[in-house]
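Only one chain is shown below, in structure tokens, and it's the form predicted alone.
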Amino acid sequence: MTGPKFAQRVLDIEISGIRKMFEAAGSDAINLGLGQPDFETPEHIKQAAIDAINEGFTAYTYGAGIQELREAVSSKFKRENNFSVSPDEVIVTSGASEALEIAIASLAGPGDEVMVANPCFVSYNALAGIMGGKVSSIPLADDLSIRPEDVVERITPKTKAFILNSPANPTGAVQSKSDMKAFAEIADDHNIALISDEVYEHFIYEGEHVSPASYSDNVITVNALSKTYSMTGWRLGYVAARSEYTEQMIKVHQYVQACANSIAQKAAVAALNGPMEPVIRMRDEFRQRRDILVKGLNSLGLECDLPKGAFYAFPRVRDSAEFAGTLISNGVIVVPGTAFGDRGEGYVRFSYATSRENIKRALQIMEDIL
């Protein structure tokens, strides 16, 4: 056989650095590497899923999602995010991961450019590459946010989209309202799409969440139930945009997924229409954990700014891989900053989506070995 057996765009992809770190340690390790809330899914959401099963709601659904869920998403955007989309402009997906996939697939082809922060969530680079696109890196400011002027400087005739993630993974940075408005204006001025990944929107401790779709029609908003309602394994997300975008995204969705899980869709209706008290309790607990972790890291001599959102701390270290490897070999899983891009060198990501006890144990281990 001549030539490579596999597609080069897939050969160029590496296994996620997060997954590597998770699988490298033993089952008794303290996991500060995985971004998964350690709370139970709220009872009223679980009950809605049980009811769906008992009622036999286990067949395929309409491709874009059941009507009542898309109506709930539409209402949520108007109520919480200050913009309006019709239920027909919503696609229910298998988590935010699929939402990102169909958004990028609808925009980027071979040679097209997608701008992303560097460092950024691991999926952005990989998905752009799978579609044959090229990634254009946006450096972060000293406060780990993205500056509008850095986006403008990197726009070329091949630029199809740029991705924002606020609150951000891996940094915990939260973009300001003025920046979000500026990003929306950039999308309009240059006629490119802004993909706004808002999965951590309810976990903000300083500042406020602002959806750029409240300023522009050139925004594709990606979100999920996973983080907000501690429903990571339910695999239920959604994407919303003007019909000119969703008409293209639904084409990809129908072949890669057909429809999202029917039972999880019923549970999502209960989540979006239900009480927010469980989410508020999670947010308040995450804030307490953040304060414990950051205070402990700084006391150990690691320079760590107080993250404004999500549930990640991103302290500075001398050598990302060496530092992470040392901790992992001593039973504390963290992720080197290089897993999120080459400009992540000199940082390590800590997740505080675990108990206070685990955080304190990890800090004690670090004190012993550092």
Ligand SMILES: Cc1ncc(COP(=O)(O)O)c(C=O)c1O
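Everything numeric here is computed off the predicted structure, so don't read it as measured data. Start at 1 and count along the sequence shown; that's the residue number.
From this point on, the text means the form predicted in complex with the ligand, which you will not see here.
Candidate site formed by Pro42, Ala49 and Ala268: none of these residues places a non-hydrogen atom within 4.5 angstroms of the ligand in the predicted bound form. With a 4.5 Å cutoff on heavy atoms, Leu100 counts as touching the ligand in the predicted bound form. Taking the partner from elsewhere, Lys160 is found to have every heavy atom lying beyond 4.5 Å of the ligand in the predicted bound form.
Remark: Ile104 does not count among the residues lining the ligand in the predicted bound form, judged by a heavy atom distance of 4.5 Å or less. Although the partner is absent here, Asn218 sits far enough away that none of its heavy atoms falls within 4.5 Å of the ligand in the predicted bound form. With the partner removed from view, the residue among Ser226, Asn125, Ser211, Ser74 that has a non-hydrogen atom within 4.5 Å of the ligand in the predicted bound form turns out to be Ser226.
In terms of contact with the ligand in the predicted bound form, the residue from Gly95, Pro278, Gly296, Gly133 that brings a heavy atom within 4.5 Å is Gly95.
The chain is drawn here without the ligand; in the predicted bound form, the stretch among 196-204, 278-286, 257-265, 152-160 whose residues come within 4.5 Å of it by any heavy atom is 196-204. Contact annotation for 151-178: residues with any non-hydrogen atom within 4.5 angstroms of the ligand in the predicted bound form are Asn165, Asn169, listed in sequence order.
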